[in-house]
Ligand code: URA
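As a starting point, one isolated chain is supplied in structure tokens, in the form predicted alone.
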Amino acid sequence: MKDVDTAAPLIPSRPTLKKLQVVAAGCQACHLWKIGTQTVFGEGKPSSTVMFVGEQPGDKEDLSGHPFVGPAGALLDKALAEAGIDRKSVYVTNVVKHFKWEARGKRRIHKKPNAAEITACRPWLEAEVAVVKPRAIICLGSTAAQAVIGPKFRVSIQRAQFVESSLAPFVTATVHPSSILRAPTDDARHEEMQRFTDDLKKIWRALSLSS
């Protein structure tokens, strides 16, 4: 497949998650396929009620081919359990499906995707939303929030606040669990983890009351 401006021409006419995953494996809509090990597509049941959208796969995800399996994914799983959310009812994905990184010694360090890379990958996310039809979309971190909700959304101010969207009945954002890992002290990490869990509890409660 040659380079194209976006992944839109690759989306099957009658998409299913399996079809999308298979086709996305060969996506070359932007240059990131050249530096990523593989496409890391979203995972979860087509009947998932909640969709979590992160920024991009990390090092562990890039190597395994599965989203949210690294340290940040472990924190997400822990917070879900504490919030009483069944992990099996959740679909997890990212705005960008390839790992963007730069070398620092022997380590591969995450590098924020730019607007062109996000735009190129957006059709995959739109197709995932169209197939899953989640009742709630929860963006993790500012990159995902601004890509999905809009450039004016500020996670630091509006976290866990619902916004009107054509994508799902409930759309909001909170921090990315990787930000908890970067907190400077154990106490700060504990506090940030509690705030993250509280956000998920609030979102889940709103969903439960509306069902």
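Heads up: residue numbers just count along the shown sequence, starting at 1. All of these numbers come straight from a predicted model, not from anything done at the bench.
Below: the form predicted together with this ligand, not depicted.
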Is there any non-hydrogen atom of Pro67 lying within 4.5 Å of this ligand in the predicted complex? yes
Would you classify Val132 as touching this ligand in the predicted complex, given a 4.5 Å non-hydrogen atom cut-off? no
Give a yes or no for His176: in the predicted complex, does one of its heavy atoms lie within 4.5 Å of a heavy atom belonging to this ligand? yes
Indicate whether Gly54 is a 4.5 Å heavy atom neighbour of this ligand in the predicted complex. yes
Only one of 58-66, 182-190, 155-163, 43-51 sits within 4.5 Å of this ligand in the predicted complex by heavy atom distance, namely 58-66
State the residue from Ala136, Ala127, Ala72, Ile85 whose non-hydrogen atoms include one within 4.5 Å of this ligand in the predicted complex. Ala72
